[in-house]
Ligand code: ADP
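Before any questions on binding or motion, here is one chain by itself as structure tokens, the form predicted on its own.
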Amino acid sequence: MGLALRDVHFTYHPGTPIAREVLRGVDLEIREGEILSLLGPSGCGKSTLLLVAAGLLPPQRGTLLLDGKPCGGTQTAHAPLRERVGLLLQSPEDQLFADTVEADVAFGLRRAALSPREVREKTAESLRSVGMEPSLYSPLSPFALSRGEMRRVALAGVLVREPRFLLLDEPFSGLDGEGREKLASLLRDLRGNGTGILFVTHEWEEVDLLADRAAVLFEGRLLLEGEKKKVLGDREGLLRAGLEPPPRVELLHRLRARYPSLPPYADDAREAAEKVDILMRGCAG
């Protein structure tokens, strides 16, 4: 069960002198209970891919599938996407609009058959899930908040609908250390409850921290995709995509020229150091 793009193409301003093809035959699946990270250089099509996956941009070619069934193209076909897919935009100010935080978060429940009390309770629960105390934040204007707080309000407005699939465009941007830890913990909990998550990032640390799988988009095509260890350990592939490999991957690559038994990837800097230490002890002995 999942949300999948199959041979998806998308071009901005098609048929005009300023036409720009940004997705070129993309095949990607977001699975339930799994976190997938999407990486790539600026302008490679990551944000457009999220908009297509959420049904906000229809692909000119290819198919969007939800649980194996085509969706999109008509209002009826888009209905399952609206109910089951949540999208957090890169700029929170593009997603917020109401006079108060409470009204903004509660807007996602407008179609639900809930009493006013139930709406308030669910809104408060969603705010708490992103680390915002309702009694403090609910009456405030979302536009009076810091950028990190605005991002958390926007996320609460997505989560209040309890989507099965969550699409996040650089969700950690603008968050301090504590905010990043809370968001990471929340995303792990959502994954544990069966939510499928795709998040765009430029930071290797975020991939290491959360991802089960990783994908690298380059010039509108998926250059790499698979288990996190496989993708992040593919130094040559990352370089072809214009990305600097994680520092420990670069370190292991240089050491492997002399010690070929070293692996190309380690989960973190400590594991890399341990592998090098074990090897050096063996050589010394």
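Position 1 is the first residue in the sequence shown; the rest follow in order. Predicted model only: the values in this text are computed from it and were never measured.
Heads up, the form predicted together with adenosine-5'-diphosphate isn't pictured, but that's what we're talking about next.
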>> Can you work out which of Pro58, Gly33, Pro41, Pro70 has a heavy atom no more than 4.5 Å from adenosine-5'-diphosphate in the predicted complex?
In response: Pro41
> Any chance Ser37 has a heavy atom within 4.5 Å of adenosine-5'-diphosphate in the predicted complex?
Replying inline: no
>> Even though the partner isn't displayed, in the predicted complex is Val22 close enough to adenosine-5'-diphosphate, meaning a heavy atom within 4.5 Å?
In response: yes
>> So, Gln90 and adenosine-5'-diphosphate: in the predicted complex, are they within 4.5 Å at any heavy atom pair?
In response: yes
> Closest heavy atom of His13 to adenosine-5'-diphosphate in the predicted complex, within 4.5 Å or not?
Replying inline: yes
> Of the listed stretches (229-237, 61-69, 252-260, 45-53), which one has a non-hydrogen atom within 4.5 Å of adenosine-5'-diphosphate in the predicted complex?
Replying inline: 45-53
